[in-house]
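Presented below, as structure tokens, is a lone chain in the form predicted alone.
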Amino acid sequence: MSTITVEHVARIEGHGTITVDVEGGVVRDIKMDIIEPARFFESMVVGRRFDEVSLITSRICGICSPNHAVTSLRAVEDALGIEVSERTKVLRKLLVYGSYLQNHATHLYVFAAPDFVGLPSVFPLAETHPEVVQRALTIKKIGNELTTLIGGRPVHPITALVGGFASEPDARSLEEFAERLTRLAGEAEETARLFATFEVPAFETAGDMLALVADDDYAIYEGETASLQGAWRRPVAEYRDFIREDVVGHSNAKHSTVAGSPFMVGALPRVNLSADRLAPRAAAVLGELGWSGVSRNPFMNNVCQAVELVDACERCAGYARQLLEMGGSSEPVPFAVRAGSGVGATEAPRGTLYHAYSIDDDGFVTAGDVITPTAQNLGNLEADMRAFAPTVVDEPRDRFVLLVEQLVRAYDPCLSCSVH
């Protein structure tokens, strides 16, 4: 038996190793070892005041820090019985979408694109196709600036508080940003068209797909958890009743299952479950690309992220203009500290993110739980590798390794977050 080892898979966030055992030209086993150390954020928040939690948990991830901050705030507010204003909700959606622009631009152009143009990294791509890299930098920059505009800085936001915001942008800044985002939608459309031209393997995952859904919105801030395969919807407060995490011997990250089987979260499940609620320009691009209704090919996660860039630009321009017209306040609403437990969920760029906390009468956290998107995806990713590798095992070794790595990168994993 021969073993193929890919140490420190390139162009993903965090460190992981792929090990493939091949015997007589047959793939006997394949594993992804997550070698990142645990960082104990769930234990770190215990004993801290409720209003410190979002500042701590936003450090779980540099790209998804707005998502962790907002999801944490929603869980604390659920525990304390706080209902925020509509203006606060719109501002929080803008904050979340800032991370979409940051993450999707980085993943698509810096991590994924080199695979499809035969280059080892984005640096030679900058020499051969400078206009493509400039597009990536433009989208990422505006994502950074949107997060700064709403959250006070590009990572680890400081203006979002329990019950509301400490400050918000002035009308002129909102109007200017709405115009910039409308123009940026064109760059996002070109991104979707570019990634639709890349040839991907004909492969389908056997796992389920889960995402937040809502009747009247492309759900990223509020909604219920829905299953594509099982055709069910459940309140996010029940997430521990349907998601199970188990320790696996070869990895520092747990694997997640629903009804005993792995599942996928992220852009592909979101589009599969909510394509009919995309913003008009994003829906038009999706139709232009020949979307047939549902795709089970995890390589198409890249295309779905690109479509979400269009959606984010159009939607955020609308939110900025809505803030100019709607009135109301985003100042923190009055509330009383009390004992309670609460759950929050949002759609981070890589998939559904859950936070849950218990708080005592004095406002101190007594228990915390976080399930990140990558921690949900790893079991399905490994199952996909086991199913996909035998279909390409006859390829030359370098090509075989590249294809397996492409599958990993399509999931856009953040391995550091998976062992939060």
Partner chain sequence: MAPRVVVIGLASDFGCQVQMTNIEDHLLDVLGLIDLRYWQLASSGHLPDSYDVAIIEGAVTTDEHVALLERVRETAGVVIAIGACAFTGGIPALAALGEIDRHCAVVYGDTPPVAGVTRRTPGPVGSVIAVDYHVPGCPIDTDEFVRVLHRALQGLSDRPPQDPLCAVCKTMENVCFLERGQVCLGLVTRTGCGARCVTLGRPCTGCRGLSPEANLPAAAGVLESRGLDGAELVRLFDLYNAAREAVR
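Numbering follows the first chain given and starts at 1. Quantities reported herein were computed from a predicted structural model and do not represent experimental measurements.
Below: the form predicted together with the partner chain, not depicted.
The partner chain is not shown here, and in the predicted complex it never comes within 4.5 Å of any heavy atom of residue 391. Using a 4.5 angstroms limit between non-hydrogen atoms, residue 38 touches the partner chain in the predicted complex. Using a 4.5 angstroms limit between non-hydrogen atoms, residue 382 is distant from the partner chain in the predicted complex. Remark: residue 152 counts among the residues lining the partner chain in the predicted complex, judged by a heavy atom distance of 4.5 Å or less.
The three residues 15, 156 and 249 all sit with a heavy atom within 4.5 Å of the partner chain in the predicted complex. Residue in contact with the partner chain in the predicted complex (any heavy atom within 4.5 Å), chosen from 84, 300, 219, 160: 160. This chain lacks the partner; the member of 296, 233, 141, 129 within 4.5 angstroms of the partner chain in the predicted complex by a non-hydrogen atom is 141. The stretch from 166 to 174, 256 to 264, 221 to 229, 234 to 242 that comes within 4.5 Å of the partner chain in the predicted complex, counting heavy atoms only, is 166 to 174.
If you take 52 to 77 and check each residue for a heavy atom within 4.5 Å of the partner chain in the predicted complex, you get 52, 54, 55, 56, 58, 59, 60, 61, 62, 63, in sequence order.
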